[in-house]
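One chain follows as structure tokens, the form predicted alone.
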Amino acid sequence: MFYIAGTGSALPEKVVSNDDLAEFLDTSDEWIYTRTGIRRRHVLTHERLDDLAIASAKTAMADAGVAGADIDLVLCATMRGDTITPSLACTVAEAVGSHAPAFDLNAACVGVLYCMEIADSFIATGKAETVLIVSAEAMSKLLDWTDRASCVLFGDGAGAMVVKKGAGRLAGVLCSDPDTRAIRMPNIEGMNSPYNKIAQEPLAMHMDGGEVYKFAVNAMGHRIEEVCAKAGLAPGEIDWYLPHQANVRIIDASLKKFKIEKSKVLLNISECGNMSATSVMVLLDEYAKKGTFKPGDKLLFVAFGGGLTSGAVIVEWRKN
């Protein structure tokens, strides 16, 4: 019930290379790149996450030719905004001049796909015709920067898309395999409450790399098969795959296992790292701006993340 009418993205100015990390970690460019496919990532310094989210939203709206008054719903995929309240979605809505319903959604790295499916439901039921979807993640603020196994993987950034009522979305599937241990980022426990009796967990992301790898390879392949079946398409009929940019080894293993043509798979992980939900948004905007997509091209978004969550959406490229 929707098509993608505009895209935008924004990245922090600071670029951190693998060599930069090797200055304070027991690692090297070769070690990181051969295991992840990552060379560089963008990291927040003087900017706020709000700044990136708003910039990406304004770019997507300009690309779609819409104003704040045209937006019927604002959705934001994020694990943590700059404030608990107001939501990041409300912060963006204020900045772009929208009075539409606005709320955040946390489905980790799959958040944008969840937002796309929510937008489809609002549009299908007549509650909206134009939806602004934003994703913004400050992964650098969630990491243990002494843990070389995890901190080298992530980057910060924001992306946005405007979707409008019309032919475009062909199918979508969302799934969860609940697991509270494989990827875990605790919240602040109790602040300074004199009544709190629960001990504070270490405030940094923990990830069981082996378990996540096994889950990710299978989840990506199965979601691709399922969404293609719902759309009545064979995987070979997809023109472009836009996978979550978590680790090039995971992407390659899934492609090989499920026989996906590598030439159809878009990547920017070497320059951006893993930006959680934002990865597919920045990837989409980058290749849209390059003119890669032609009218009628079938784009398949697929992602997996903490929760554990996974999903896939197929959209036929139309744009304005």
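What you see is a predicted model, and the numbers here were worked out from it, not measured in a lab. Residues carry their position along the shown sequence, with the first being 1.
There is another form of the same protein, the form predicted together with oxa(dethia)-CoA (UT7); it is not shown, and what comes next is about it.
Scanning G97, G232, G210, P202 against oxa(dethia)-CoA (UT7) in the model of the complex with a 4.5 Å heavy atom cut-off leaves one residue, G210.
Proximity to oxa(dethia)-CoA (UT7) in the model of the complex, defined as a heavy atom within 4.5 Å, singles out one entry of A167, I84, I188, A149, which is A149.
Interface residue remark: N268 is not counted as part of the site for oxa(dethia)-CoA (UT7) in the model of the complex, having no heavy atom within 4.5 Å. Contact check for S254: every heavy atom lies farther than 4.5 Å from oxa(dethia)-CoA (UT7) in the model of the complex. The closest non-hydrogen atom of N247 lies within 4.5 Å of oxa(dethia)-CoA (UT7) in the model of the complex. Contact annotation: Y114 falls outside 4.5 Å of oxa(dethia)-CoA (UT7) in the model of the complex, judged by heavy atom distances. Stretch-level contact analysis of 233 to 241, 149 to 157, 123 to 131, 85 to 93 against oxa(dethia)-CoA (UT7) in the model of the complex, using heavy atoms and a 4.5 Å limit, identifies 149 to 157. The candidate spot formed by T59, Y287 and T292 lies out of contact with oxa(dethia)-CoA (UT7) in the model of the complex, as no residue has a heavy atom within 4.5 Å of it.
The partner is not shown here, but in the model of the complex the stretch 74 to 113 reaches within 4.5 angstroms of oxa(dethia)-CoA (UT7) through a heavy atom at C109 alone.
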